[in-house]
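Given as structure tokens, the chain that follows is alone and in the form predicted on its own.
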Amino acid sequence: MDVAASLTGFFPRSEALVQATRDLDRGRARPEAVEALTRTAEAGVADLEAKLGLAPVTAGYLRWADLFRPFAESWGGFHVGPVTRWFETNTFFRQPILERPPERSAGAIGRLLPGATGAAPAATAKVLLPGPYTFAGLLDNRSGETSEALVHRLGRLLAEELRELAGQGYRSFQFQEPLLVVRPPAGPAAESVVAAYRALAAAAPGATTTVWTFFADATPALPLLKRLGVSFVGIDLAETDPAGLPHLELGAGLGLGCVDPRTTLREDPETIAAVAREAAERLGADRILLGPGGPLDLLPAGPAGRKLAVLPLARAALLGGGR
């Protein structure tokens, strides 16, 4: 069994960085001072990932106000909308409002990634992006396009993004897709998702691609997830009972969200290993990726770091137990 561990979502910003960002917005801080603090914080997260053996590196995505903000602020057709609750959590995002069919802005996203900010070389970094179905489902669509057409279009635009980033040396891409399990698509909606991921697969051949789901039971969505042609499919073990998984050849590596960002309580590595073995056996997976079930920025930075430290212990327990 091949077992890896990685940060699978945003890491929380420190109180100092949050305050500095607020001061910048209010004209009380200089941009260069906030930039220096951000670079220091990114380096700290990247160092933590390296210390724990987590790869590829994310550096925490501390520059991203939320999963959609860089797109809403830079891509054509969008503007930034109201503060909106992020699923059933106490965190929020600014809902993108789409007034017309979206147009990608070349280079805008790449400037916010670890390779561009100096936090990690592109070849060792992981790119976190909104999945096309979640992106389309959580924005305010005033463009006149149908939901299915919008999913397909966003898939093509994100594929252009992958093609550009692959040319800069990035080889690992993860798509955040909580809506695929919170509100699983069916019929034409499901086919639009498959078409979107077909475009993504063609954009960066040979790259590692991951779909990470969370906030709901992934079991009903597994037949669709199997069709997406990605390297890894991630499921949230806080919501998905391994004993209830079908015996299904997933045809991809299995991502296991084994660290719950909804609580500060630390998980037991041996328990994680036992659960991971059962899930891998049921889904016919011999490649395992361990990570937080959802973005760790649901927690303060201190507890999030302590929770993350469970991952190498769980990996060692899983490898030590064999299969």
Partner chain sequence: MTRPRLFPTQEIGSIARPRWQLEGQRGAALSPAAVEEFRRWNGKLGFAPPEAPGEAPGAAGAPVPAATVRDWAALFGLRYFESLGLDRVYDGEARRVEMYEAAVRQMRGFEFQGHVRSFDNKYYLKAAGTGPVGLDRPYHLEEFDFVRDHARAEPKVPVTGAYTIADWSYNEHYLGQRTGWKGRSVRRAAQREFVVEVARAALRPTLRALIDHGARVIQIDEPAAGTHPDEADLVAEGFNAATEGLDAEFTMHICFSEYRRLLPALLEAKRCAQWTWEFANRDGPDHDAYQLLEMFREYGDRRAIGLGVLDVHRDLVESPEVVEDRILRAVRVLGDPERLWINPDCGLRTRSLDVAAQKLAHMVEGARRARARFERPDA
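Residue numbers count along the first chain shown, from 1. From a predicted model like this one, the values you see are computed outputs, not experimental measurements. Note that the rigid core is defined as the largest set of C-alphas that superpose within 1.5 Å between two forms.
Another form, the form predicted in complex with the partner chain, is not on view; read the next lines as being about it.
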property	result
Arg69, heavy atom within 4.5 angstroms of the partner chain in the predicted bound form	yes
Close approach of Ala159 to the partner chain in the predicted bound form, 4.5 Å, heavy atom	no
Contact label in the predicted bound form: Leu54 to the partner chain, heavy atom within 4.5 Å	no
Val275 within 4.5 Å of the partner chain in the predicted bound form, heavy atoms	yes
Option touching the partner chain, based on a heavy atom within 4.5 Å in the predicted bound form, out of Ala106, Ala202, Val83, Ala123	Val83
Gly9, Phe173 and Arg287 all contacting the partner chain in the predicted bound form, non-hydrogen atom within 4.5 Å	no
Partner contacts for 293 to 317, taking the partner chain in the predicted bound form and a 4.5 Å heavy atom cut-off	Asp297, Leu298, Leu299, Pro300, Pro303, Arg306
Threshold 2 Å Cα movement between this form and the one not shown for Leu313, core superposed	no
Large Cα move at Lys51 between this form and the one not shown, threshold 2 Å, rigid core	no
